[in-house]
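Encoded as structure tokens, the following chain is the form predicted alone, with no partner shown.
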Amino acid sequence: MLHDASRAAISRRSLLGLIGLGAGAAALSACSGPSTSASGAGAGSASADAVGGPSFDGVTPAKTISFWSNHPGSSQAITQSIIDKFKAESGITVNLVTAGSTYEDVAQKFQSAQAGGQLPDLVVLSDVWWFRYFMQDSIIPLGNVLKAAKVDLSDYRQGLVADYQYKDSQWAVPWARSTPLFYYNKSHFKAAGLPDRAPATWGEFATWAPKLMAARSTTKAKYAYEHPALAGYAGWTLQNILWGYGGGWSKKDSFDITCDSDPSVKALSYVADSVNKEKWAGVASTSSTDDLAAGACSATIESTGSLVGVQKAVGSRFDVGVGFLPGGPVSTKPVCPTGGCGVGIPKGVDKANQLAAAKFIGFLTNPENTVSFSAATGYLPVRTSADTSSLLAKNPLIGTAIKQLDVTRTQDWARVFLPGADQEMAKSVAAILTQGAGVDATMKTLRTTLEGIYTSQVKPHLS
């Protein structure tokens, strides 16, 4: 455990009081993923534009801007539709650029642009990667530019807005936001004699799993449950089971690493036993919802952003059920993390482009368009005033995802603030589930790794 002096209580905002980020970013550049060293057009002190950011008095918005995205949730078509409406209304052209297929691709391309390439005027910021953009001082605080663009954040879901608030500044606006969701095959559940609902707890599902396995002669499923692909999801979705058991990757709002605590080991032992001992669960190689749609498993967890895609893939072959994430023996709520991405504005572009980008942010996420985006992708409406009645009438399952927002919990700092930690978590879980490694020993090793990242790459730069 870290010494108390090393982990003195740090608020989410004071955490990023990383004064003089040139030195701090250099230390982080050794981590996996894009470097966080300050370079290129946006270089300088990240505190220089703190709070509201630069002034936009007298600035006229540009007529053409670029938007880099990986099109989360297969959103390219709906995003382009919103762009077309924005041009018709404002006269501003937004060039939608495919900057990769994943958030990591976008991060790498954005990093390369810092060294002398063409920067975007608006860029996707994921829950894990945006911190590094902040660290390399390549995005601006949005307070003043949003004010100039007449974008009022008070109408946004504040829990989602707060994910991007540090040093009393707003660094991004929520856009394609999601939570994990419990998906199940209603036909399989019926064949197994189970109730038509998600389990209240993972303990309850453990009693259902043998019934689902026994019904395989009818359902033809290989597994009762499939854990999501580890590389992209282990650190994210497993927070749910860890929290349900009273554990976590780290303590709430703290760098006190707890992945090897008794509750965390019990939680991950449940996961390991489901695969290696009781054998009612598998591990997806790519997308567990693809396997659910194919009938290969009876239940899984994946992003709400997968909902519409799952429904389209299933078609009329069976009814898809969804529910809140199950709880555990210690906590039944809140045990659901948020996820997804927002959008931010690079520092090294002209103010005219930044203002035009802010105007587009307001349009992209306005009440009407956030509902249209949700209907097309399954991501959650980010505006509180959004009229979701038509959305729910067309697809009632989205209502479950929206309601789950009320029982979400901020992600563990160990996952979202320690550079490279997400990959280390995924490797450790893979060792347990695919190589038969012991839970206790593996988590002790992971703890040492995570504490090393904190001590060498984060702690020296905390004010």
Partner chain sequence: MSLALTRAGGPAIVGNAERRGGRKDHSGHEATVDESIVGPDPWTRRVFGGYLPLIIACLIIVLPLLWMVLGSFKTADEVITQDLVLWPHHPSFAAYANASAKVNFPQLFMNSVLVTAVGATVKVVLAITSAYAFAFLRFPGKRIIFLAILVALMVPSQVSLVPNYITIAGMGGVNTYWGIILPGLGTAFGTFLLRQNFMSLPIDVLEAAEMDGAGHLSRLFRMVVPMSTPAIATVALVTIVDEWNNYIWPLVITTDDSRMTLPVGLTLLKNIEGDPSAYPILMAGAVVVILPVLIVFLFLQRYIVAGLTQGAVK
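Worth saying up front: this structure is predicted, and the values here are computed from it rather than measured. Residue numbers count along the first chain shown, from 1.
A second form of this protein, the form predicted together with its partner chain, is not displayed here; the remarks below concern that form.
Engineer: State yes or no: in the model of the complex, is some non-hydrogen atom of P329 no more than 4.5 angstroms from a non-hydrogen atom of its partner chain?
Structural biologist: Judged by the heavy-atom cut-off of 4.5 Å, P329 is well away from its partner chain in the model of the complex.
Engineer: Consider S306 of the chain shown here, and say whether it contacts its partner chain in the model of the complex, taking contact as heavy atoms within 4.5 Å.
Structural biologist: Heavy-atom contact with its partner chain at 4.5 Å: present for S306.
Engineer: Would you classify Y379 as touching its partner chain in the model of the complex, given a 4.5 Å non-hydrogen atom cut-off?
Structural biologist: Yes, Y379 lies within 4.5 Å of its partner chain in the model of the complex.
Engineer: Could you confirm whether P346 comes within 4.5 Å of its partner chain in the model of the complex, counting heavy atoms only?
Structural biologist: Output for P346 is no: heavy atoms all beyond 4.5 Å of its partner chain.
Engineer: Just to confirm the contact call: exactly one of 388-396, 93-101, 140-148, 358-366 touches its partner chain in the model of the complex at a 4.5 Å heavy atom cutoff, so which is it?
Structural biologist: Flagged stretch: 93-101.
Engineer: Is it the case in the model of the complex that N70, A221 and A296 each bring at least one heavy atom within 4.5 Å of its partner chain?
Structural biologist: Checked in the model of the complex: all three residues contact its partner chain.
Engineer: Answer with one of K109, K190, K251, R383: the residue that has a non-hydrogen atom within 4.5 Å of its partner chain in the model of the complex.
Structural biologist: Checked against the cut-off, the match is K109.
Engineer: Sort through Y166, F324, F373, Y233 and report the residue having a heavy atom within 4.5 Å of its partner chain in the model of the complex.
Structural biologist: Contact residue from the list: Y233.
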